[in-house]
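Here's a solo chain for you in structure tokens, the form predicted alone.
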């Protein structure tokens, strides 16, 4: 296996382990074991766990950009694209119930640790915020697009947090529907 493929496998494994167990509770050894490479080979690719974290955040940003681009391609209607974002908690419901929102849990953990990468992790929320703001502006709400974007982002994080806490599928479905109903009131 070439170096780029090994590096990608390390990033993917670290991403999953950070999500499921937390950044602080995931060691080099655990990641190396998950990828089934020696620690020496591991250190060839990443000198520290913080370097891996940076690569994981970059990978998440790239995946998020790709997802947002896909939504842009699939749906010409900004309201339809916003609904795709709202429904992400349903599409990822099992993982969210078990581990929380991958963005929310990472940013919360890094904030508790006062970790220097907290700002980079928060850029994932910023990416969603800016994209949602653009969608609301396209719907004719440019004057309050950022506030609306933050409302949807905050509401979705609340749904994810309560989904993780209560593991109640009906709650998630009901709250997602209420957010979609709220969105319909904003349509021109």
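Since we're looking at a predicted model, the values are computed, not measured. Positions refer to the first chain, counted from 1.
Absent from the display: the form predicted together with another copy of the chain. The rest refers to it.
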query	finding
Per-stretch contact check against another copy of the chain in the predicted bound form, the hit in 66-74, 131-139, 155-163, 34-42 (non-hydrogen atom, 4.5 angstroms)	155-163
4.5 Å heavy atom contact, residue 9 to another copy of the chain in the predicted bound form	no
Another copy of the chain contact in the predicted bound form: residue 178, any heavy atom under 4.5 Å	yes
Interface membership of residue 111, another copy of the chain in the predicted bound form, 4.5 Å heavy atom rule	yes
Non-hydrogen atom contact residue 28 with another copy of the chain in the predicted bound form at 4.5 angstroms	no
Interface residues of 112-132 toward another copy of the chain, as seen in the predicted bound form [heavy atoms, 4.5 Å]	112, 113, 118, 122, 125, 126, 129
